[in-house]
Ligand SMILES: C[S@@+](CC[C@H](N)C(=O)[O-])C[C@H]1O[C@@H](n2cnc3c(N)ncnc32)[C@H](O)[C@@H]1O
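Here you get one chain, nothing else, as structure tokens; it is the form predicted on its own.
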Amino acid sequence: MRLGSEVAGPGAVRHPVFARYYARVSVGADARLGFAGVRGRLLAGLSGRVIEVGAGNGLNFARYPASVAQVVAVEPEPLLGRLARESARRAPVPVDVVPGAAEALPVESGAFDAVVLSLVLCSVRDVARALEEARRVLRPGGQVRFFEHGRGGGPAMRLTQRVLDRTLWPALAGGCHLARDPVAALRRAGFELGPYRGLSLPERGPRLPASYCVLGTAWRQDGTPDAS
């Protein structure tokens, strides 16, 4: 939901109107709509070096467990990056916020124990390339933790999602797409799916086109890191 659609320099993305809107509503969504609990479950049990792709305004940072030695948080939108740096100063673990795009992560290959994808695959320009990068930066046996929204509901809802994706939604929502399938994309990228489950947010209330979420884990099982 966070990445914008206008590129400004290598890896940078500018969508200032949506970034300001997201920075406001995301805090309320954590407090009132059930997102905070999902973030806690997303990050529970992580350890070592973690890279978070599309960190937004840094709402995950406060929920990283003490077993995490370092978080590198990549965020291409300048306003959200600034807010993420403010959040990083209050985090219980070391967090370094850096600019960069999901499709070209500015880090070395095979250097991380985990990749965190949190409401970001909906907005990246090239999902396949972003997941190739996630494989590249993971150590052999490393894991992906994902909390994403995407395609869901019955035939009428899925049609609504596709229509919105082809018309107004990406322009209004910072490049977000409603009808992507994050689980299928992870499989196509060569990850082994671990436990995952669907959930609907907000937890109470009507089902909206962006309500259909999935939370889970995937693994990189091959023996050598990909070339950079």
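As the structure is a prediction and not an experimental result, all values here were calculated from the model. Numbers for residues come from their place in the sequence shown, where the first is 1.
Same protein, other form: the form predicted in complex with this ligand, not shown, and the subject of what follows.
Counting only heavy atoms and a 4.5 Å cutoff, which of 86-94, 122-130, 150-158, 106-114 contacts this ligand in the predicted complex?
That would be stretch 122-130.
Contact flag, residue 101 vs this ligand in the predicted complex, heavy atom cut 4.5 Å:
Residue-level check for residue 101: yes, a contact with this ligand.
Do residue 56 and this ligand come within 4.5 Å of each other in the predicted complex, heavy atoms counted?
Judged by the heavy-atom cut-off of 4.5 Å, residue 56 is in contact with this ligand in the predicted complex.
Indicate whether residue 39 is a 4.5 Å heavy atom neighbour of this ligand in the predicted complex.
Answer yes; at least one heavy atom of residue 39 falls within 4.5 Å of this ligand in the predicted complex.
Report yes if any heavy atom of residue 134 sits within 4.5 Å of a heavy atom of this ligand in the predicted complex; otherwise report no.
No, no contact at 4.5 Å.
Looking at this ligand in the predicted complex, which residues in 75-100 have at least one heavy atom within 4.5 Å of it?
Residues within 4.5 Å: 75, 76, 77, 80, 100.
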